[in-house]
Structure formats: structure tokens, C-alpha cells
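Next up: a single chain in C-alpha cells, the form predicted alone.
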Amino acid sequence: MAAPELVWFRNDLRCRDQAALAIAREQGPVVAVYCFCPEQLVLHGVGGNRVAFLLRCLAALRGELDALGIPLRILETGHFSAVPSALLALARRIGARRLWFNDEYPLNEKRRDDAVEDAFVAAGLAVERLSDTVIRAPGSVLTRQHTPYTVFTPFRRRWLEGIRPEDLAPRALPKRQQRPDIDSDPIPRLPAGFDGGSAATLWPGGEAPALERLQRFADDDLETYAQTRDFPALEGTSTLSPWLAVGAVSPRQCVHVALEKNEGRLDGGSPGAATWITEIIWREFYRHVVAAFPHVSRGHAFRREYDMVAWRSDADQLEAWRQGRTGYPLVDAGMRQLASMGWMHNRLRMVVAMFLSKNLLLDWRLGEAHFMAELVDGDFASNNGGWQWSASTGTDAAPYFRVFNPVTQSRRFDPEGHFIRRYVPELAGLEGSKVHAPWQARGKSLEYPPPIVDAAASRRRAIEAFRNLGS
């Protein structure tokens, strides 16, 4: 066999529309590699739901690669710091011509990738770095002053203005090759300390179930997405976020399917398709932010002045929030959905995040960490961006005086209480609108806590905390 091309998989666990794999395969035979770094995952606060799902997707990827005659080697390296030497040793062992990979943008990942490139170049081996976890790479969508955007709406406008047809065309499945005399490695077991609690049947691994779910969403729910996406009792969203997080499906594949349903239009046309494409662009925006402003990867507020917010410390209230025992039904339903599914509806992510950071005035980073520990779709850029938006500390954030009222949100987005009753069964016996404010139900004996804070008073407290910065 000719000297192989070495393709390093990361959060791009698919064979279709995978730039590094597709282009490397055009050059010759390929050997694939994945570096499993469980100790680094611990340092990043990634939980068992996400790791178990990743391993299921890795197993599915091995099957897809085997069908193409491509062996998958797995290097268990512990920390990112061990990745450069491990990859270089493998490249030398198989006589690889060069290393291919798709860039990632959080700070630790970028430093890891730079260290890998430096090690290979020093050893006289070539490295090809591509952009494939986003449709438009960071640095390609800039203001007229050639600076990164910090507000979404003009970013979206420029993103759409600069898009080219070739940016939106998914790459085909690579051609099968004659299998080299290299075995694929077994998939690692879920490491000790990780609890993969969410059922595998909820989130099957691999690109096949991802593409099936994508097509089903496009056929059945995309048209009404703009009207139904905010109502958690409805199946109005794609639920593709876990597969997007590990790259078992690409953002380009998602947009391509939406374009097919919207007569080739990225904007306008079907409100559902256009709105969903906008959500994909939001995902891109947060990756551009992470790439351009590395301080957000260091635990800082994007708007550095908000590092000075006088956050409260209240372990009991934090635990009540985590357990879904705040006394506010929609908040509690959202948190219990997270605990049972490893996933939460996007509207509820905003509701529970604003409740923690505003009504409880607890540091948003506590909530960000809890989400990463529980979410099957845990993704640093999207999680950090969403939490900072809700806490009013980030790019394009909600102004600090915007505080969702949890009862108003409940009445608006779960008007019949169907979602609440599903996840807060203690309230199943309450009729009609009483389910939104159960403390007002007279003559009912409920095994449900009273509100841990007063919504109006806690809102005023939050506004004062932000207003008093620097005074």
C-alpha cells in the first residue's frame, strides 16, 4: 500500500460531508485515528451522558469506516498534552505522508491543535488543517472595519451576504479503498466516574440515525418550526443538537435539507425553514466568538465589566434549582427534563438560566457547569454563549433589566400545562391555569415546595446588582 494519509477525527464523527476525510481520501489511502482523552473531559466538566453518546457515535463511525476499507485507530491519551507525541508516533509507525484534521475553536483545543502541528512540522511531516465544524470559518465573517462581530443580527446579515453555493454543497461519501493491513481498535469503555444515565434508545449513536432524524424533521416539522419551536409540550424542534455536538451530522447537511424545502432560499420563503437556518447561524456565531475572544474559554464574562457582578452564594437554592424543586413549575419541569433525558428544550434553557442568574442571582458559571455535566449535547461554544446571553454578560446579550417572569413564561409557552404535568407529576391534579402558580391553589394538599424566591422582588434585586456595578 502506498504511504497512507492520516485523518484525525474529533467532534466530526461522520463519513459523509467530512472535509478532512474526503480530501485526504482523494490523495490516496487513508488511516483514521481518534484520541480519547477522558482526563481532559473531566477537566472540561463533560458529563457521562455526553461521553457515553460520544462512544456510541465512535462505534458507529468505526462501522462506517470499516465499510469503506478504512481502519480506525484509537489512542487513549488522558490529557490533550499527550496528543502530539501519540499522533506523531502513530504517523511514524504506519509511514503516514501527512496528517489531516478539521479545526476546533475553544482555547484548549486550539492550543492542542497548534502543538500537534508544531510537532509534525518539526518531524518533517506535513499537516493539513481544514474548517468543517462550521459552514463559514472564523475570520471569514467580519465587520467593515475587519473586526469580529459581537452582535448576532449584523453577523447573520454578513454571513448570508458572503455565502457561496460551494459553501453549502455537502461532500459525498468517500470511495471505498483496499483495506490496508492495519486493524481497527476496540471502542473504549465508559471510564470510571462517568455515569451514562440517559438511555441509549433516546440518543442512538452515529450519522445514520442523525440523517434519519434530520430528514424526518424536514418532512414533518420544518414547515411549522417557527410557530412550534418555543412550546416544549410539542415536538416542534429537530432534537439534532447531540449529533451536531459530536459532528455525526454537519451544519452544512442541515442547511442543505432546509434549502431543499425552501426552494433554495436561505432567507425568506418558508418561515419555518428560514427560522431554522437562522438557528444554525446562531450556532456558527458562538463559534466565531469563541475563536475571536479566547477569554470566554477562561471562565470570564464576554463583557469583562460583568466579572464584577456581586453574585450571591446559596448552596440550598442552587441545589433546589438543580433538582427542579424551586416552586416554579416550568423551571422545575425543565430541570427534571434535563435530569431524565440529558437534554432540555431550548426555550426552557433560557428560562432556567435566567432564573438562576437573575432571580437567584447565582453565578451563571455554576449553571454552565451543571449543564455541561448533564447534557448529552454539551458543547462549549453553544453552552457558554447561551448562558452568557441569559445572564446578560455576553455578546448580544439580553439587557440586564430583562428578566423572564417564570409564571408568565409558563402561561405563554405551556398554556395547558401539559409539559409541566409530564415532568412535575405532583401537580397533575391541578386543573387549568392553577398549574402555573400552584401556591395560589386553595384547599389542595400538594407535595410540591412553595417558591424559593419572590419573582418580583428577586427581579428588582438582580437589576440593582447590575446597576450598581462600579459604584
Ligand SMILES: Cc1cc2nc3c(=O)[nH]c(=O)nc-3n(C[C@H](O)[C@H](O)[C@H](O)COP(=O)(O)OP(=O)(O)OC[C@H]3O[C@@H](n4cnc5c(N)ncnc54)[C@H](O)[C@@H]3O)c2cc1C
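Keep in mind it's a predicted model, so treat the numbers as computed, not measured. Just count from 1 along the sequence shown to find any residue number.
The discussion below concerns the form predicted together with this ligand, not included here.
| query | Is there a non-hydrogen atom of residue 273 within 4.5 angstroms of a non-hydrogen atom of this ligand in the predicted complex? | reply | The answer is no: residue 273 has no heavy atom within 4.5 Å of this ligand.
| query | in the predicted complex, does residue 377 have a heavy atom within 4.5 Å of this ligand? | reply | So residue 377 counts as contacting this ligand.
| field | residue 282: touches this ligand in the predicted complex, heavy atom cutoff 4.5 angstroms | value | Looking in the predicted complex, residue contacts with this ligand include residue 282, since a heavy atom lies within 4.5 Å.
| task | Determine whether any heavy atom of residue 393 comes within 4.5 Å of a heavy atom of this ligand in the predicted complex, and answer yes or no. | result | No, residue 393 stays farther than 4.5 Å from this ligand in the predicted complex.
| request: Go through 291, 362, 244, 211 and name the one with a heavy atom inside 4.5 Å of this ligand in the predicted complex. | output: Filtering the options by heavy-atom distance leaves 244.
| query | Between the options 397, 141, 72, 353, which residue brings a heavy atom to within 4.5 Å of this ligand in the predicted complex? | reply | Comparing distances to this ligand in the predicted complex, the residue within 4.5 Å is 353.
| said: Just to confirm the contact call: exactly one of 307-315, 165-173, 379-387, 123-131 touches this ligand in the predicted complex at a 4.5 Å heavy atom cutoff, so which is it? | reply: Result of the contact check: 379-387.
| Neighbours of this ligand in the predicted complex among 237-275 [non-hydrogen atom within 4.5 angstroms] | Heavy-atom contacts within 4.5 Å come from 237, 238, 239, 240, 241, 244.
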